[in-house]
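For reference, the chain that follows is the form predicted on its own, supplied as structure tokens.
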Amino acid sequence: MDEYDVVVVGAGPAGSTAARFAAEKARVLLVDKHREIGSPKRCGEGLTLDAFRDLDIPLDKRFINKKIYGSVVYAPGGGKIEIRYDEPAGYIIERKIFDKFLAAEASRKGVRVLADAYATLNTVNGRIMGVRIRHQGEEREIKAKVVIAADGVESQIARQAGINTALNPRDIDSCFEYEMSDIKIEDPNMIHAYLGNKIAPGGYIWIFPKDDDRANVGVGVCGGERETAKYYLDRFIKSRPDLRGGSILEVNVGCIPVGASLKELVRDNLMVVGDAARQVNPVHAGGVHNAMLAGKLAGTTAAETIDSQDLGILKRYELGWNSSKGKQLERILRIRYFMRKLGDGDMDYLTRVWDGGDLIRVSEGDWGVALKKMAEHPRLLKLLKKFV
């Protein structure tokens, strides 16, 4: 039997970050079920500059495809809101390389990393003792004082621990994405998002440029729609002469949890982070930055727990997240529910009265000035009172 202080299951951004910070005071094992960390990717691959700053990640050319100077959001009627900066606000990254980079950085801090290792929770008389892994055909038992579940939206580890991870279908976005080349991008220095109940009900279509003529082109639609996400994306591409002649280099399919983050993030000696904990922005469905922030908090808390030998310290992770980022995501979730009620005409109206700053604040859970700008639209104000 192998023994570690901390075992992290899942080597995505949340798991690798948690492992990296836990290793400051603990012996850490990081396992991932995939044969290659970072693959398959399930992501538009956009990451803000703040994420690099917050997590002290270098701007490494190996995983950065393109500098992004802002975004353009298009309403169904053709109106748009543009958010443009003089300096890069973010980057389109190569997730397969980025995720592997994060895992390698964790290994340099002393973390043992194992790919192709499928893990299940190991409990004895209801007590979490660690995990069992199947690594390249070999069954192994890993004893650990703390287990961190970072195994994605389908998290089995949290469920095996008895945490309720069930999601309402309306709180799941079904996503389908092509990486396309030889296409025309109106402004390849910006990301582009298209709204509309006919275009992408409950979500949006995105174009995230990776080169001047190559981009991730994808869609997220609310769970429970009659048609598939692929149907909406294919229809959009066929309607666009700038896209329909392009080549498809890669196809990615997945689901994103866009409900409120889990309230129970700690049970006994287990913590849950990242998509497994639903730590995703419900409006734009971005989760990498939040996942790494949660991973840092969980990893630091795990290190303090091992150092003090007091498992009660683990609760600080849950309390810390729920009192800060968790509350913000709850406000953003109410905005998501409000936006689900909007008709295409309502979206057209908002693009006329909102500017880029309003859109940013709303996506972060703050109505502010944006609320006042809806004062002349009685129906929207009445609808808003149900969610604010």
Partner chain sequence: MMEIKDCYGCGGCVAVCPHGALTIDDVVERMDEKCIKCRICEHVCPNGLIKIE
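Residue numbers count along the first chain shown, from 1. These numbers come from a predicted model, not from an experiment.
There is another form of this protein, the form predicted in complex with its partner chain, and it is not shown here; the text below is about that form.
None of Arg278, His289, Lys210, His284 but one reaches within 4.5 angstroms of its partner chain in the model of the complex through a heavy atom, and that residue is Arg278.
In terms of contact with its partner chain in the model of the complex, the residue from Arg331, Arg42, Arg361, Arg27 that brings a heavy atom within 4.5 Å is Arg42. Taking non-hydrogen atoms only, Gly78 never approaches its partner chain to within 4.5 angstroms in the model of the complex. At the 4.5 Å threshold, heavy atoms of Phe176 reach its partner chain in the model of the complex. Not displayed here, its partner chain is kept clear of Arg352 by more than 4.5 Å at the level of heavy atoms in the model of the complex. At a distance threshold of 4.5 angstroms between non-hydrogen atoms, Asn197 is out of contact with its partner chain in the model of the complex. With its partner chain left out of view, the stretch that reaches within 4.5 Å of it through heavy atoms in the model of the complex is, among 265 to 273, 182 to 190, 301 to 309, 227 to 235, 227 to 235. When contacts are defined as a non-hydrogen atom within 4.5 Å, all of Lys33, Arg159 and Val253 contact its partner chain in the model of the complex. Contacts to its partner chain in the model of the complex (heavy atom within 4.5 Å) from stretch 46 to 79: none.
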